[in-house]
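Single chain ahead, by itself, as structure tokens, in the form predicted on its own.
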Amino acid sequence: MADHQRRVYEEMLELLSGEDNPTPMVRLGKTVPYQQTRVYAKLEWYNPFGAVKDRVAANMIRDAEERGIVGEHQKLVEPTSGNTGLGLAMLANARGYTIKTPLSKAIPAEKRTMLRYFGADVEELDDSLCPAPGAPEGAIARAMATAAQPDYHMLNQYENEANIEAHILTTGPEIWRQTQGKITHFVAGLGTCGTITGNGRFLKGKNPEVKIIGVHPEDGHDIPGVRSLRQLKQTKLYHPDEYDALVEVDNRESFAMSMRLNREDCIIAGPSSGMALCGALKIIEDQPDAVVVVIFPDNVFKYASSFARHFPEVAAAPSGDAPASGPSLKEELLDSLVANSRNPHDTVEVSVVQEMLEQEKPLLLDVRIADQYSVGHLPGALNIPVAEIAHRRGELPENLDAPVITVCNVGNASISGMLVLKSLGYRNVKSMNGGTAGWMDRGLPTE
């Protein structure tokens, strides 16, 4: 039987968080500028498997078991950006289940490695960092196809109300008790939105005056587990009418704040924690009696490769003749080139492409592999994978000023396609933000 006072347990699952066994909160000092407002970080890596998503994984499994949806020797499948999959993998080990996790290759290698280490069957895809519902070749679509098999079940963190309920049952009551009911502001990054929606409902149920603030990254971000404003429309747990404010924070701010948290407040916070704190500081004023709680989802150790990319000076030097573990200079320059191309001059929104198709009739160039293209593509789009563009130049317009729009799944590979075309001399090329998934989100037709 769990003894929370002595911290003695019979098994790891007894460490799952709740009102009687909360994750700790630490007041922030050097990283916040306030004289009166008190800001507390709720350190969610103290959950037994290292992240806030342990709560969600445990509650989704509990709910499914109680409703008789899953049972002995169950096969689970779940698309993930890492943390939910890690929690589910460990809970599956405890329950005697197995789990398959389709995910994007853009997720940090540390997470993909540890998912396999925990026993998950990891399927890596050329998907966006945030799996996109409705994307024909994305991680969510792959998981749904697997779940259609009779011996698999998908818990679906993007739609499952048990995700929200996890925070109504655990995180919210913990925060209320830890602040003695004095909390005035709750801040969380937005991913599946179970955290903000569940905590918001619980805390406003206790005091309607508590301000619920959601923080989201910019488009083209590389912070796993959170979603840009456009991507947030793809989760059914996103209820902006229940939040008091939404704040956008860019990559640079998020990673820089994460470093400050580690070096100044000695808190081993990852980039999504830095993002959430930046959002809080942008919108909350210094005021008497203000008590702010910011969710810090997980620690920094899962993101070493991401930090090495953003801060090359911290990357480990290769030892002896061993190859460097971090990206090469060439890879860093390419990453920088792609990142810098996400601007209004080189990209275009879906709505603008609609208008262009009615007027100047640009060439739509789908740069995905043939199998992905055949599943669903924009009407009339020509298919030439990125790697083949230079070799198939004869299929492209002779006029180097001809308008060309590159398209992929969500607007990542199309950036590379656009850059290849520009290197071939094409002057009027843009990459479509949102890709096929964004096109479908608007209810527009595909072939």
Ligand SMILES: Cc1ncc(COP(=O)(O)O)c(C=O)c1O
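Note that residue numbering follows the sequence shown and begins at 1. From a predicted model like this one, the values you see are computed outputs, not experimental measurements.
The discussion below concerns the form predicted together with this ligand, not included here.
Asker: Is there a heavy atom of P217 no more than 4.5 Å from a heavy atom of this ligand in the predicted complex?
Answerer: Output for P217 is no: heavy atoms all beyond 4.5 Å of this ligand.
Asker: Is there a heavy atom of D298 no more than 4.5 Å from a heavy atom of this ligand in the predicted complex?
Answerer: Output for D298 is yes: heavy atoms within 4.5 Å of this ligand.
Asker: Report yes if any heavy atom of P79 sits within 4.5 Å of a heavy atom of this ligand in the predicted complex; otherwise report no.
Answerer: Outside the cut-off, so no.
Asker: Should L88 be classed as touching this ligand in the predicted complex when contacts are defined as heavy atoms within 4.5 Å?
Answerer: No, L88 is distant from the partner.
Asker: Looking at heavy atoms inside 4.5 Å, which stretch does this ligand contact in the predicted complex, given the options 258-266, 188-196, 96-104, 148-156?
Answerer: Flagged stretch: 188-196.
Asker: Are Y373, G411 and T436 jointly within 4.5 Å of this ligand in the predicted complex, each by at least one heavy atom?
Answerer: Not a single residue of the candidate spot has a heavy atom within 4.5 Å of this ligand in the predicted complex.
Asker: Under a 4.5 angstroms heavy atom criterion, identify the one residue in G200, G138, G225, G279 near this ligand in the predicted complex.
Answerer: Of G200, G138, G225, G279, the residue with a heavy atom within 4.5 Å of this ligand in the predicted complex is G225.
Asker: Exactly one of S254, N83, T170, Q231 has a non-hydrogen atom within 4.5 Å of this ligand in the predicted complex; which residue is it?
Answerer: Checked against the cut-off, the match is N83.
Asker: Just to make sure I understand: among 255-272, which residues lie within 4.5 Å of this ligand in the predicted complex, judging by heavy atoms?
Answerer: Sequence-ordered list has one entry, S272.
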